[in-house]
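Quick heads-up: it's one chain on its own, the form predicted on its own, in structure tokens.
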């Protein structure tokens, strides 16, 4: 692995979050080029453990991380802290939950 690290926001063209049903939220990380996508995937920084630490949830709450090469994208799905629209829930659409990913330092491989 390389020693080069970059903030995810500097290598990804799109970082967003949205509902994946009432009980899950999904994060899309889309890269502008295949070399950047492949470099981040090879670097191995986007793991269930990393996401759990960023969002301060148990590892079991991270449903999965999926690499989809045709779209140069990584999709992360995790359980929502509260169901969408329930009492005390603050982001019914899940559209503002991606912020912790922006400053994540990822290793380029």
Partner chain sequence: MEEIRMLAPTAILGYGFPLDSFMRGMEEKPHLIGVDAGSTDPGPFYLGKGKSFTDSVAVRRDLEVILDAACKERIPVIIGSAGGSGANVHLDWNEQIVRDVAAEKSLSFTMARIEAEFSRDYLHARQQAGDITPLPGVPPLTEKEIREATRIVGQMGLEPVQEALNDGALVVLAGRAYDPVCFAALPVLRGFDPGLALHVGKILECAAIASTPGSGRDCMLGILRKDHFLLRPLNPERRCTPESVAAHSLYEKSDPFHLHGPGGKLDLRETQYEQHDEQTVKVWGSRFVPAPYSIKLEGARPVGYRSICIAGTRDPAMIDNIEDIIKGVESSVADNFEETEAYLHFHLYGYRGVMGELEPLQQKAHELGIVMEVVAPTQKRANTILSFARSTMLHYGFPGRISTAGNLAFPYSPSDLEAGEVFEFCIHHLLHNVDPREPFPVKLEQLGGITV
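Since the structure is predicted, the reported quantities are computational estimates derived from the model, not experimental observations. Residue numbers count along the first chain shown, from 1.
Quick note: we don't show the form predicted in complex with its partner chain, though the next part is all about it.
Contact check for residue 18: a non-hydrogen atom falls within 4.5 Å of its partner chain in the model of the complex.
Residue contact check for residue 30: one or more of its heavy atoms lie within 4.5 Å of its partner chain in the model of the complex. Among heavy atoms of residue 59, none comes within 4.5 Å of its partner chain in the model of the complex.
For the chain shown alone, residue 86 is a contact residue for its partner chain in the model of the complex, at least one non-hydrogen atom being within 4.5 angstroms. Contacts to its partner chain in the model of the complex (heavy atom within 4.5 Å) from stretch 52 to 67: 54, 55, 56, 57, 66, 67.
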